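A lone chain, given as C-alpha cells: the form predicted on its own.
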Amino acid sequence: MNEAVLNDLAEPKNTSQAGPETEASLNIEYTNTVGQPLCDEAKIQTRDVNVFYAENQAIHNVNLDIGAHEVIALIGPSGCGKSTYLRTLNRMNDTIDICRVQGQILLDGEDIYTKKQDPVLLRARVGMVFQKPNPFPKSIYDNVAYGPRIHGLTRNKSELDDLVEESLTKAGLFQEVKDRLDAPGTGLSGGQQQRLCIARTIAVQPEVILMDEPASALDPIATAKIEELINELKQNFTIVIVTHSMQQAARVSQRTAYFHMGRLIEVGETDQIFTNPTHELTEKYITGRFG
C-alpha cells in the first residue's frame, strides 16, 4: 500500500454538508457482491452462508474465498457482521445456543459443518486470536505447551521445549521472555500477552489463523509489532483479520472484503478497494461518509 493512500486513510473525508450519514439513511439498493470474492487456490470456500441469532438474520448469502497464504481483511461499520462471519470459519458460533448457520463452508474442499467434523480438531487447524488478550492463568511456558500436550503433538519434554521456543520465536516474543518462562503469562504487558496468545495458537500447528481485531486494545507500539508479525506469519499461514482500522487493513492485507448490514458488498485487492472502490457503499465508507 503506497504512502499517499495511507495518508488519505488517516484523515477520512466527510463530504456531506449535513454531517455523517447513517447506514439507515443511505437508501442504496443492495446488489450481489462486486469485485473478486472468489479466487484460485482457495484454502477456505464459503457459499451461500447465512447466520441467524434466533429469528434475527446477521449474515445474508455470503460467498467468499480465502486464498492460501494470503492475508484478507474484513472491514465495515460496527455490527455489520464481519466478526460473526469470521466465527463461522472455525465453528465458534457453535458455542452460542441461539445461533444457526446455513450454507457451505469448505476447508481444503471438505465441509466443516458435517456431523463427523470434530470442532476441537477443526479449531486446531483454524486457530483464533481474540480482540482482548486472554492468556491462561498459567506460566508463559505452559500457555504455549497446553495445546501441543492436549493434541499429542510431541513425544517427549525435549520436543515440547523446542516447540515452545519455536512458537514464541515465530510470535516475536522469545527473546523478551526466554529467561522467565516460568513466570505467569498474565504478568506480561498487553502487547506481549497478545503475542503470547498468537504463540499459543501457532503451537498447535494450524493452517489458518483468524484474528478478531487483535490490536484494538493495544497501544501504537504494540500494534506495530502485531502488524509486523502478521506480515511475517503470512509466509506459513492463511490469515483472516477483522479490523475497524482501514489503515491497518491497508498495511497488512492483500485483499479486503467490505461488509454492510450483514451483506458482503465488495471484495478486491486492497489497493483497489482503498483507491478505486466499485460499489457506492464501499466508497462512502472508505471516505468517511458513515461508519
Partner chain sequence: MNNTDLVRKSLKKRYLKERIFKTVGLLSIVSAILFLLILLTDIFTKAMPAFSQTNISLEVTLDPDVIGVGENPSEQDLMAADFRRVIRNSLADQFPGVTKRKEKRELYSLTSMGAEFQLRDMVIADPALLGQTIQVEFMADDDVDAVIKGAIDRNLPESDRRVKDQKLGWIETLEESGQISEQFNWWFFTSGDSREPEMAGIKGAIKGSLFTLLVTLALSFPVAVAAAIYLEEFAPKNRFIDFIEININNLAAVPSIVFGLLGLAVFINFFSLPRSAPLVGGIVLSLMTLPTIIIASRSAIKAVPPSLREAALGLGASKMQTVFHHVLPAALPGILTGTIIGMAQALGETAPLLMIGMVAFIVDIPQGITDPSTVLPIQVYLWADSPERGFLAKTSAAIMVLLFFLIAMNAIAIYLRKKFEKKW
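Positions refer to the first chain, counted from 1. Remember, predicted model here, so these are calculated numbers, not experimental data.
The protein also exists as the form predicted in complex with its partner chain; that form is not presented, and the subsequent description refers to it.
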property: Its partner chain in the predicted complex reached by all of 134, 150 and 186, non-hydrogen atom within 4.5 Å; result: yes
property: 4.5 angstroms heavy atom contact with its partner chain in the predicted complex for residue 82; result: no
property: Interface membership of residue 201, its partner chain in the predicted complex, 4.5 Å heavy atom rule; result: yes
property: Residue 127 within 4.5 Å of its partner chain in the predicted complex, heavy atoms; result: yes
property: Partner contact for residue 92 in the predicted complex: its partner chain, 4.5 angstroms, heavy atom; result: yes
property: Interface residue in the predicted complex among 97, 219, 162, 108, criterion: non-hydrogen atom within 4.5 angstroms of its partner chain; result: 97
property: Contact segment among 193-201, 67-75, 164-172, 108-116, judged by heavy atoms lying within 4.5 Å of its partner chain in the predicted complex; result: 193-201
